Ligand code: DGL
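We begin with a single chain expressed as structure tokens, specifically the form predicted on its own.
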Amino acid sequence: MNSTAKSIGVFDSGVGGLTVLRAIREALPAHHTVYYADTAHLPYGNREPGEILTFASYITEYLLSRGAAVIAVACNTSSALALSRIRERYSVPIVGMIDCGASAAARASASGRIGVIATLNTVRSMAYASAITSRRREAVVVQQACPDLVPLVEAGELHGAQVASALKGYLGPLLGAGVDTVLYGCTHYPFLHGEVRAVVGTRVALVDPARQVAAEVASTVAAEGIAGERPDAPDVRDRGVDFVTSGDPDQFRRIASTLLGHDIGEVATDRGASGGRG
């Protein structure tokens, strides 16, 4: 690892990873962060595994070139299909979503009946089912692929009839199976939290792995001795974040600003990504 590296790298296929970024910024406000949104290739949910590995490897190398000392893969599909391979390829510490989410869900469930909503690729990988049952052997894991949700969030549609209808269709089978916990197996889904709660009611625990990912990143930063550069800044909300996208920077800025509740500022474009990996 580059001894001068100090940044935290975070990546996702689009705006979903902003839920993880927000948690990391709350935990480590003095550390510079680079957020990479691979919007030229979203959604990842129905892509071939080999493509996901190619994207994840490219973005990891990009973040390393930007001084990343630790990387958070803020994408469940990439975590399920590519994390182990990129950990083998690169020496930098890399934190993924699956283990963090599985641990949180296993602790949250009283009955052991746990629902997972995720992309098709994450569901097919069985990564969450395996990770949850390795932590809680008696657990019953009911998975549901939700292909319509990422496009809705990426379009900024977080409420309304279309969202409600999609969620009722996806969550109905989980409720029918008697789950007492639903795990957000995609970083886009917490942006729909209010709508999800309206469908599942108050007795079902909703688990967002973002805070546990942030805690693991913070632990890694401490263990690696990665110093923050801006401890005295009065307002560090996004001043220490560089946003990069492989797609349309204006569209990403508009949606990300809406989701985060404030203007995120300039968004850089990585044209090499969009031109070379499609």
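Note that this is a predicted model, so its numbers are computed, not measured. Start at 1 and count along the sequence shown; that's the residue number.
Not pictured, yet referred to below: the form predicted together with the named molecule.
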Taking the named molecule as it sits in the predicted bound form, is residue 42 near enough to touch it, meaning that at least one heavy atom pair lies within 4.5 angstroms? yes
In the predicted bound form, residue 75 touching the named molecule (heavy atom, 4.5 Å): yes
My question is simply whether residue 182 lines the interface with the named molecule in the predicted bound form - judged by any non-hydrogen atom within 4.5 Å. no
In the predicted bound form, residue 102 touching the named molecule (heavy atom, 4.5 Å): no
Quick one: of 150, 200, 81, 86, which gets a non-hydrogen atom within 4.5 angstroms of the named molecule in the predicted bound form? 150
Candidate from 71, 186, 116, 132 lying within 4.5 Å of the named molecule in the predicted bound form - any heavy atom: 186
Considering the named molecule in the predicted bound form, find the one stretch among 6-14, 263-271, 21-29, 250-258 with heavy atoms no farther than 4.5 Å from it. 6-14
